[in-house]
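What follows is a single chain, given as structure tokens, in the form predicted alone.
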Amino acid sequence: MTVLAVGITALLFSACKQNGSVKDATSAVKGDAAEEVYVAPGEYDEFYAFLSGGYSGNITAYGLPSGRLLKEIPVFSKYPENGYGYSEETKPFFNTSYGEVPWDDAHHIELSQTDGKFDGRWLFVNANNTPRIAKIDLQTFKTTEIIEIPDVAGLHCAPFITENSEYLVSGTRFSVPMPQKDVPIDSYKENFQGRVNYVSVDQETGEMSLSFQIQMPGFNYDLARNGKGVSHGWTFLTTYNSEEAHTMLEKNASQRDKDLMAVINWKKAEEHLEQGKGKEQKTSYYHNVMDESTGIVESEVKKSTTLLNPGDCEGMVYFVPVPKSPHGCDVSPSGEYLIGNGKLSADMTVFSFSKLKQAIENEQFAGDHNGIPIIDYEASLHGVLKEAGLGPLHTEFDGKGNAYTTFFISSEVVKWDLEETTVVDRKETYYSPGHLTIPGGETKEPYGKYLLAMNKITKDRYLPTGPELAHSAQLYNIEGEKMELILDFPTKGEPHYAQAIPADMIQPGVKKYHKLEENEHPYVAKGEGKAKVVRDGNEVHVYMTAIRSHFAPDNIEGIKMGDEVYFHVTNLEQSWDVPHGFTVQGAHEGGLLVMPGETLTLKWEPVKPGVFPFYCTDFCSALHQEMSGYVRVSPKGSDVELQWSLDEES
């Protein structure tokens, strides 16, 4: 099908959908759907679903099947609701080799795995714009680490996890000169390269480390999956722009019949590293890690990476042709089948790992690219799902032999048989789905039951809110042979990928508060008797406590113009869900939301003399309004002594 034909079909389809949208939506949902998604007051959802927030830079956690928003987890963007990125402790999360970057575009979620199954310990997500990978601790639902990926551009293809969380794998979306240098853009084929990156994960702490990078041709590396079961030890990455064009990619990167999927044997890469074939590359990138005993983030600047060149490492990298402009790259639960879709194709291509491996062993190659062997397409093919829909994107699995694929242009989810490559069922979405997720659908043992489609267009779904509309997620029951649409709900940002995990794998280990006796913050005050104010030159450190319903100290004098005042607020509560907020008039750094047992710091630089209130921003008790105080600021050089007030009984 030509691009023009696809475009005309999409327009006709869109017109039909919009003209009949209300009728279609009503008839698409069965009568008892509300019962299936109802979660009574006081009861819990069966699954946590983690959705990447796209251009919000954050992650949202929803309950399934209710679709209730449980939490927004700040990751790559500053977040005023709880002071993330504004507190002195969390500011270093935004350090990069480009300076402070307070925003990014979060794309793909990856839960940690053991033996190819979710283990409920950590959650990883990538930043697309300034290439980074973050780790979220699922005991606290907080970001605890961010590592920058150097010498790449546009980290869309990330952070795909191996079946025992050995590595998080990523590839550069945009090939660029490596190392970066001033060269003519039309020297693309001579000077531009790609990178595939392997970040190791400490099995005890989850801490990340950039283990090695692989030098690759100057394609655009789009999405990836790692093998599991029979294909464990291999990585598969879809690429586009095998033409290595640099202008009008819509046209010039669509000249060939097929693009290429990269096939990487990372076990072999480890062998080459042991043989000393890795070359040290000078670079600069940041690794920002939170000390969980203090809550303080420390930044370390790394100065080198290890690079492997496929030309020096036989048996490490191959290519196999895939339909033009592929996007999805997915591996079946057994690890035997690999799905590589062309966005402009009506067909679905299914590769057999066994056949692919046999083709490598038999050297069934159809040429090479830059010395990297290209595996014969027919020799590695399991089958083709014919005319399944328009614009296939992403595929997940139910563990019963079925695959489910989103079709962006024809706005539907299609269920199909992996072995027979035949369509079983199809259901409309509203509209233009991108990613989908089935609980455990990426793993060896999917939980099945539900499918969540994340749609790019929401026209006619909700009350209109001007040109900017909420995005839409739609929940299907997939327990029977036929899929049933049972719920849709709006989402924040533009969710890209999501993963869902049974709540009972996480819920028992969720931390309800921080133990005050374990707080090792250097400015902690573990009781009101420890509250004080200390001057160090023009720095003033306020050791402050918060408890229902007052601060200590609650009146401070002796601050002078030119001072930098650091309010170190310790929440003395040791009960679940009793946070306290803090801000002071004129604060440029927003405010804080301090969890029980935690210490956070707000920096305040007064801009004029006077008396300014500070107060609790989170409604914490019946006397919340009384939880306040004053700070007096005097002119520079004044003789007002530093003093503060405490309850005499404290």
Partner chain sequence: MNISLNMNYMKIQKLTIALCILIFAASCGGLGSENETGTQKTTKKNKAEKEKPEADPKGIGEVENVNLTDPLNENMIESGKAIYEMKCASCHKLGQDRVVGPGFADITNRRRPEWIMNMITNTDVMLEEDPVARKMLEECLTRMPNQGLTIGDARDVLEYMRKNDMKQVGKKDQAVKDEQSS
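Positions refer to the first chain, counted from 1. Everything numeric here is computed off the predicted structure, so don't read it as measured data.
Although it is not shown, the form predicted in complex with its partner chain is what the next lines describe.
- Though the partner is left out of this view, Leu572 does reach within 4.5 Å of its partner chain in the predicted bound form, counting heavy atoms only.
- With a 4.5 Å cutoff on heavy atoms, Glu517 counts as touching its partner chain in the predicted bound form.
- Of the heavy atoms in Leu623, some are within 4.5 Å of its partner chain in the predicted bound form.
- Taking the partner from the other structure, its partner chain in the predicted bound form has no heavy atom within 4.5 Å of any heavy atom of Phe365.
- Think of it this way: in the predicted bound form, its partner chain has a heavy atom of just one of Lys560, His550, His108, His382 within 4.5 Å, and the residue is His550.
- Note on contacts: among Lys267, Lys526, Lys532, His246, the single residue with a heavy atom within 4.5 Å of its partner chain in the predicted bound form is Lys526.
- In summary, the region of this chain contacting its partner chain in the predicted bound form, judged by heavy atoms within 4.5 Å and restricted to 285 to 293, 227 to 235, 490 to 498, 572 to 580, corresponds to 572 to 580.
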